[in-house]
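Just one chain follows, in the form predicted on its own, and it is written as structure tokens.
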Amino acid sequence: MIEPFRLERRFASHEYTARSTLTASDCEPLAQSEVVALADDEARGMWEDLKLAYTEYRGLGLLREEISGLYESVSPDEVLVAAPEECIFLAMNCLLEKGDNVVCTWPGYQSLYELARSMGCEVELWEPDEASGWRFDPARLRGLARPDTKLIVVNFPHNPTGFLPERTEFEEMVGIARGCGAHLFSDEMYRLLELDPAARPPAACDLYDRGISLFGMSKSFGMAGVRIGWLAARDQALYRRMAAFKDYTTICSSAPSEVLSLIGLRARDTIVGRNLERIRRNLALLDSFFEQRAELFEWVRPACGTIAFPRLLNGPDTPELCRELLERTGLLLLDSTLFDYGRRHLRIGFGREDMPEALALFEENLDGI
């Protein structure tokens, strides 16, 4: 049996009934009309003439071609399109067997380690150093990895802390995976949202022939509702296993979603540019908020992405704080128990347009709680 996905169960209960949310992990969702308005002539024609038929099981050819352009060494035939969570499910089931040793960044998105646990794998959790800005020390990874480690799972930009390793550190992580012959599954769902684009490390699939990069439309593009993500993998034997396993999940993706994703990717400079502007505005508000409450919170400013993981220094534990806020005000926040990471942290989301209003609601009610 697999454990319930705690974060998703919390969202299922409250995401659409809460008055406001200060914990969303995506950028401001785009309206379908906004996306279509960005289409070039070719994509607009595809949209207007689209037949609602089955699509190619690997993903629309033009979409895979556009995706491959995000990488240095990946061809369209090395891209597999599926829903982001489905991508994790496909990869874990095609890489792992009972008894395999797995190392995974933690805290993190639960399926990155829970799927392996449910399969009977031995999972080692690689924890960052909060005092060093949530740094994931490669030396600690080296101590966890073994000669028989089957898979190393990383997530950078990191959810929920917003940490981003330097290129040399990421290359060291890749070298550790290569040294033990492990595959490297790299969750890169927040890629392109680095506050300093020059700090962006290469994709795992470009650095390592056993690297698998996960990316998609949900976070950086504000198009979570299309449910389109992808795996980029140069290991052709693994790619074929994952593509065949997809016959038992969705078989193929949604035809309208694939065309909308093609439009979004072709307009990525416009879409991501707008999102980064909003992120910078919202981060400035958070900087001011936490500076004025330094006695109450420890604030590690994220280097990228749309989420942060501040520590509550005084007051009730964060599960109680979040419950009280939801009951009193209708404000939804996530506490660190949903990441199996104690009871003193909150996940703050700052990619949405209404974040200033949600932050004001938090501020108005914080002292009373």
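Keep in mind it's a predicted model, so treat the numbers as computed, not measured. We number the residues from 1 along the sequence you see.
Not on display, but discussed next: the form predicted in complex with a small molecule.
Exactly one listed residue, out of S220, N155, S253, S261, brings a non-hydrogen atom to within 4.5 Å of the small molecule in the model of the complex: N155. Distance criterion of 4.5 Å from any heavy atom to the small molecule in the model of the complex singles out E85 from the list E169, E85, D235, D100. When contacts are judged by a 4.5 Å heavy atom cut-off, Y109 counts as touching the small molecule in the model of the complex. Within 4.5 Å of any heavy atom of the small molecule in the model of the complex lies no heavy atom of S213. In the model of the complex, the small molecule stays beyond 4.5 Å of every heavy atom belonging to T105. Heavy atoms of Y113 never reach within 4.5 Å of the small molecule in the model of the complex, leaving it off the interface. Contact annotation: the small molecule lies within 4.5 Å of heavy atoms from the stretch 189 to 197 in the model of the complex, the single such stretch among 143 to 151, 189 to 197, 282 to 290, 240 to 248.
The three residues R6, T161 and T337 each lack any heavy atom within 4.5 Å of the small molecule in the model of the complex.
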